[in-house]
Structure formats: C-alpha cells, structure tokens
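Take a look at this single chain, the form predicted on its own, given in structure tokens.
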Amino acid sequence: MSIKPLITFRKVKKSFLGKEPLFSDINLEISEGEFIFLTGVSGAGKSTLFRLLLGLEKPDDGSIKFNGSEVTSLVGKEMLQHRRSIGMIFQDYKLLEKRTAEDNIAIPLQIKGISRSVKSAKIKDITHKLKISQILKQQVRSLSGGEQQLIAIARAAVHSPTLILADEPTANLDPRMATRIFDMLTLLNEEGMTVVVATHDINLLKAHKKRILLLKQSALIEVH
C-alpha cells in the first residue's frame, strides 16, 4: 500500500518586493511519517518555506497542499485547525521565561480547551519521553539553552500534531546537546509524527542518513 503524501508543493513561486525571486518553481512532496532535513545558506528561504506551509505567507503562484487541503484557500477556523495540526520549534525557543516549564508545555493544550486531567496526563507522558520531568516546576529563565529547547520540543509535541517543523533547533547548542535534541526529534518521528528540520549543521547532516532537501538559487534540490 502506498504512503499518502502529507505535504505537496506544486510550481510554487515567491518573491518579496524589490528582491530577486526567492522561489521560482518549487516542487516538493513529503509523505506521512518521513524525517526530512531542509538545508541551504542563510537567506535561501528555509523559514519562508515553513511560513508558507503554516499559511503565514502566501505564494505568488502555485499550490500548497497539506493533508489533502489547499493551504492557500483556508480561512478562519479552518486555518486555525490547520496550524494546530503543526508543532513549531524555533531556534530562539520563544518560551515565556518567567513561567515554569510545565506552564509553557501546557499552552497548546489550553488553546485547544483540553480538560485538566487530560492535560496533566499528556504533559506527564511527553516529559517522561523526553526525560525532562525533573525540570517541570522550574522557571524557564533558570534553565540552560539545551533544556529550554527540550521544553520547546515538548510544547510542540504535547498535543500530538501531524507535523513537527524545527527551525535550526540545534544552532545555539553544543554537540552533546545537539545530539540529544536530534534523538528526541527521532523519537517523535518513530511515534508517527512527520518531522522537517531546517538546519545549517553539517555534522548533523553527515551523521544521520535522512532525506536532504537543499534550497539553492531559488530552487529545491534533493541531495539524497
């Protein structure tokens, strides 16, 4: 049985005013359950590709489908539901520093109106998997950068999204913690979440045999 495409870009074009086209003819297909590395020089468009997929930017032309729905046509509640099916991990974490780790992880569940008992069970489950239960009650500002990124991963994954997007998740971390972050993303992928990691980390790319997509000169090239 063939695996269903989760993400499809067809002839996607994107430009910003006064600049050369960022994307001239992007074609892409990612299947459910894949783990993808997205790479390219700074400014190549990795973050823009994520924003297009989230519906935060619109292409100048072309089609972007997620789970069979045309992202560019979604509005209102449909768009909210689409974004809630994606967990986003940022390079700079984007955590509430004066709140506890637990408070931060709970945010997606609160937005979805999850009951207190279910919320507690989900937080317990994800923090056990990521081995961060011991720091749940600590304020985020007291944690190391690596610990904060683990909290950000837990927040992105706690509501069991279909897709995890990670934008340079290891950029500010030492090699040991970068390896741990990758291992946690691999664990989420093994549990069925599709994972796309935008990265400049050559060591990460070399160390793990995953499908690599390279953004170069407004095109998307499959490296392997």
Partner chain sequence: MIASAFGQTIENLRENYSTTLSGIVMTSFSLVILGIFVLVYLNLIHLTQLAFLKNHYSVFLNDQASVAHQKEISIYIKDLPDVGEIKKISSAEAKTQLIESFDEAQEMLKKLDFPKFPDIIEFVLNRSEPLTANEIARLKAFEGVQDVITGRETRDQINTFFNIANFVGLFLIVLLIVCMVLIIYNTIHIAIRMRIKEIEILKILGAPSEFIRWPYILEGFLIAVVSYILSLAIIYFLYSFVVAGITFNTATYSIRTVVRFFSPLEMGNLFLTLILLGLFSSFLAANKVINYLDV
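Residue numbers count along the first chain shown, from 1. Worth saying up front: this structure is predicted, and the values here are computed from it rather than measured.
As for the form predicted together with the partner chain, it is not shown, yet the points below apply to it.
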Checklist entry - Does R83 make contact with the partner chain in the model of the complex, using a 4.5 Å heavy atom cut-off? => result yes
Item to check | Contact label in the model of the complex: I107 to the partner chain, heavy atom within 4.5 Å | outcome: yes
Next on the checklist: So, L56 and the partner chain: in the model of the complex, are they within 4.5 Å at any heavy atom pair?
Outcome noted: yes
Item to check | Residue contact check: L96 to the partner chain in the model of the complex, 4.5 Å heavy atom | outcome: yes
Next on the checklist: Is it the case in the model of the complex that A171, F182 and K210 each bring at least one heavy atom within 4.5 Å of the partner chain?
Outcome noted: no
Checklist entry - Any idea which of 121-129, 67-75, 142-150, 86-94 reaches within 4.5 Å of the partner chain in the model of the complex, heavy atoms considered? => result 86-94
